[in-house]
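Okay, so here's just one chain, in structure tokens, the form predicted alone.
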Amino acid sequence: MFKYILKRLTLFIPTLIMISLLAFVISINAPGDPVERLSKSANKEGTASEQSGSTKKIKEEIRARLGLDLPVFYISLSTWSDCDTLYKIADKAQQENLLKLSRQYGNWSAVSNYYHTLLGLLAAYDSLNVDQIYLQHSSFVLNEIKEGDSIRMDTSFAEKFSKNEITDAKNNTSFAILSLLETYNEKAIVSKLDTLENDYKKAPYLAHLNPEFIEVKKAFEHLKTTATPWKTYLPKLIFYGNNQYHRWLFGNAPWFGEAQAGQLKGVLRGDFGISYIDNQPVSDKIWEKFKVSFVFIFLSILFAYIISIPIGIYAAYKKGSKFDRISSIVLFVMYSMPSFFIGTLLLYTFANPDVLVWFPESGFQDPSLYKEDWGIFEKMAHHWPYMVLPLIAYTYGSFAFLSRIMRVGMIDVMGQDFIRTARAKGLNEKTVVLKHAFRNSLLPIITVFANIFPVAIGGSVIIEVIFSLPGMGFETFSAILNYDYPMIVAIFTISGFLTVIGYLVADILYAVVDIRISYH
């Protein structure tokens, strides 16, 4: 048995690697930019100018903290036209556009030159001062104003261009350059460059930007004339040491000792990153929610097995009897009623001031009374009233399912030769049923039990919402609504890991309950 367990654990390694790879692929291909989301939440305080000046620095810090300034994987299959350090470009949209340009023209050096001339032109806008330009393109005019018998000279501006006109021209042309940084279609680029050229001609106060704009046009013409598209057909394999997957899996913290500030521990050490919603560690949030869901799921499964297995055994033993028929009808009626209906019915009946107020209507504890320093029995006594109604809603639907499985398994075993032999040997009926038949009919029940592990991490969305339980089901639902991908990926990864463990436990239990099963 030990050799078999060791062999299965060895075979689980590639399975877990594939689960981690799939989770990682989901995380990096999720819609939206995590840097943008986290930078917005990190830059809520301060004046507008302070926020504008610190946004770029904050984004760079977040990229470094999340490891997004590293290549994606250990190996990258690219072409000779691609750049092997493209991952260093901070803006995700610009990074994708540069890749498309390099695949389109096949000359990375020309693409890089064109990109940097655009950045140079965009940087030139930082030196533009609307007030200064307005003064330069305005002139003083002396006006004679008659006041009674005297004449007063008044000085006023003769505006060539208004401030709003200058500001609009500056904003429109800068936005056009930003769009060029994300445009790879040749016709669209030519059209935008022509539009920019016309805008500069109409706005003489932007004349000092012409040298940078001419450099952009020259760089683009050079890109077209030196195109080498044949390079896109030559594959190239690039190897990276430190990369995003390595950091996601192992982190950048030492394996022994506590991690320092800003260091990650990696998935293998329980670090799934930070939540996009509140910047809290995902592992901490999962653990707090998991404890609540696990208590309910564990108790509901325990009660379901304790109740349904005896019903299934007795129904199989009394096959076709009145008890078998009535229990089947009652259990299937219960199974057909959805959990949200039963949960709502329980609340309206037993937590309603107009009917009965036997139990609290929501939550898992009373924050005004609950104390963390209570003992285990005091905590259980406090939580128990909050758990009764949710446990009923969790458990009732499992009765029919488990009892039917137990009944079918028992009926199949009761008709086998070894049961007839046991009866022929003179064993009493209780021994035959409970010792011989029951043990050999547990295999289907064990198969169902193996699926409990991944369910434990998911919780029940409907029941937890109805009873306002702070569990994993409600947290998963909230993560999906808010696009909190680190939380979603963490739940996916842990569920996959628990599924693998569940199958291993099931295989071991098969050998325990059935001596005919032997692993070598």
Partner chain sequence: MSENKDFSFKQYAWKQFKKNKAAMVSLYILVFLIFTALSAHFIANDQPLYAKYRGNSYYPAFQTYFNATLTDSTKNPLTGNWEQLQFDITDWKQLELERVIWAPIPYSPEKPDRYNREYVAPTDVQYYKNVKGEIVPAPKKFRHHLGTDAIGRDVAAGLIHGTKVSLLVGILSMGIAATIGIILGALAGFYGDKNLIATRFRYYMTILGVVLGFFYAFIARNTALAESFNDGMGSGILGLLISLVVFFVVVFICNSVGRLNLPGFMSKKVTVPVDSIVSRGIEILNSMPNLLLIITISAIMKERSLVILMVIIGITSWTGIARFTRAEFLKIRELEFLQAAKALGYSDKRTMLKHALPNGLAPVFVSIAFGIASAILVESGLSFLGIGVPDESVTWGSLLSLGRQEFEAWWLVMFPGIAIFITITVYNLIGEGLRDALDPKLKQ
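The term rigid core refers to the most C-alpha atoms you can superpose between the two forms while keeping them within 1.5 Å. Numbering follows the first chain given and starts at 1. Quick caveat: nothing in here was measured; it's all calculated off a predicted structure.
Below, we turn to the form predicted in complex with its partner chain, even though it does not appear here.
Contact annotation: residue 372 falls outside 4.5 Å of its partner chain in the model of the complex, judged by heavy atom distances. A residue is said to contact a partner when one of its heavy atoms sits within 4.5 Å of a partner heavy atom; residue 510 fails this definition for its partner chain in the model of the complex, lying far away. Mapping the unseen interface onto this chain, residue 228 falls outside it, with no heavy atom inside 4.5 Å of its partner chain in the model of the complex. Remark: residue 449 does not count among the residues lining its partner chain in the model of the complex, judged by a heavy atom distance of 4.5 Å or less. In summary, the region of this chain contacting its partner chain in the model of the complex, judged by heavy atoms within 4.5 Å and restricted to 108-116, 202-210, 338-346, 307-315, corresponds to 338-346. The single contact residue among 488, 469, 38, 68, judged by any heavy atom lying within 4.5 Å of its partner chain in the model of the complex, is 488. Checking 75, 188, 234, 380 against its partner chain in the model of the complex, a heavy atom within 4.5 Å turns up for just one residue: 234. For the partner-free chain shown, just 184 of 170-188 comes within 4.5 angstroms of its partner chain in the model of the complex, judged by any non-hydrogen atom.
The Cα position of residue 106 differs by less than 2 Å between this form and the one not shown after fitting on the rigid core. Once the cores line up, the CA of residue 95 ends up less than 2 angstroms apart between this form and the one not shown. With the core held fixed, residue 279 shows a CA shift below 2 Å between this form and the one not shown.
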